[in-house]
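Just the one chain here, laid out as structure tokens, in the form predicted alone.
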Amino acid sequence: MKIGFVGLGIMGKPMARNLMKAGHELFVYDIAPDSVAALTADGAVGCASASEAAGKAEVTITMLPDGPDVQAAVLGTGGVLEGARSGSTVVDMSSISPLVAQKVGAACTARGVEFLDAPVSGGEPKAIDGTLAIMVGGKKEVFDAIVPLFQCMGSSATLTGPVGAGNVTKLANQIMVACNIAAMGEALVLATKAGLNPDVVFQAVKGGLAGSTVLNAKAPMVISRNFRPGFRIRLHQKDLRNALLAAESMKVSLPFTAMVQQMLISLMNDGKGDLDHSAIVQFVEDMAGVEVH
């Protein structure tokens, strides 16, 4: 297929490359020229705007940091909808507010363009491996048509409901991940403060009920002091903020989510917003006066 791809960051770049490896022709755009150049070196066609990329494509994928970025890239001047042809499909794979996804979806529908919101989970490693979990909102017939593209980028793609449902599911995912990392951080700090080797504790518990994908991925990073970003603290804070805003609109109390979001804000104020979200442990370490190692 001819695919427009807008947003070539930590996640978008490897996702685009996996589509190219599967034989699809990509027309790419990013506000950072170096990112476009990296993809054109791999065989993609560089474009001067999101509109140009969409105009050459049957399907246009956006992968951007937040809702305002998606609105600008899709609805704004030089955006996707200026170039997208009637009958084409826009797939937003960003993690944004469900309300923004619905607004963008309605604008696409008004122009005769199909729309799916399809945020992902798995971070940079799974984006590179093509094993992301993809959570989708939209029409079943549109989802079915796009599944072959999802299979190039992920190990699973699940239709969770109408437009906006993909991002509600992603917010639920982000709550679970954040609270898991925070709990893991407290546990490893406690073990270290007690004089235990945190790696031995990790090895002891990972096969039991406390074991999880989050634990297996993040505990080794914490113990080796590797906080190179696979998913940045500032982006996870954004997701929890969107979860809390959605919860407020539905009168749902999320006390653990609110607490972890405050931890993330504190870390951002300490200049750690671009560290991997496993660095949540540093908030707990600072309170305890001990470093997990």
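One-based numbering along the sequence shown. Computed from a predicted structure; not experimentally measured.
One more form of this protein exists, namely the form predicted together with ligand NAD; it is left out here, but the text below deals with it.
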Open item on the list: So ligand NAD isn't shown here. In the predicted bound form, which residue out of I31, A38, I265, L245 has a non-hydrogen atom within 4.5 Å of it?
Closed with: I31
- [ ] Would you point out which of 38 to 46, 226 to 234, 252 to 260, 51 to 59 contains residues with a non-hydrogen atom within 4.5 Å of ligand NAD in the predicted bound form?
- [x] 226 to 234
Task: Proximity of G7 to ligand NAD in the predicted bound form, heavy atoms at 4.5 Å - done: yes
- [ ] Decide whether M11 counts as a contact residue for ligand NAD in the predicted bound form under a heavy atom distance cut-off of 4.5 Å.
- [x] yes
Task: E124, heavy atom within 4.5 angstroms of ligand NAD in the predicted bound form - done: yes
TODO: Would you please decide whether V120 lies within 4.5 angstroms of ligand NAD in the predicted bound form, comparing each non-hydrogen atom pair?
DONE: yes
TODO: Heavy atoms within 4.5 Å of ligand NAD in the predicted bound form is the criterion; list the residues of 89 to 104 that meet it.
DONE: S94, S95
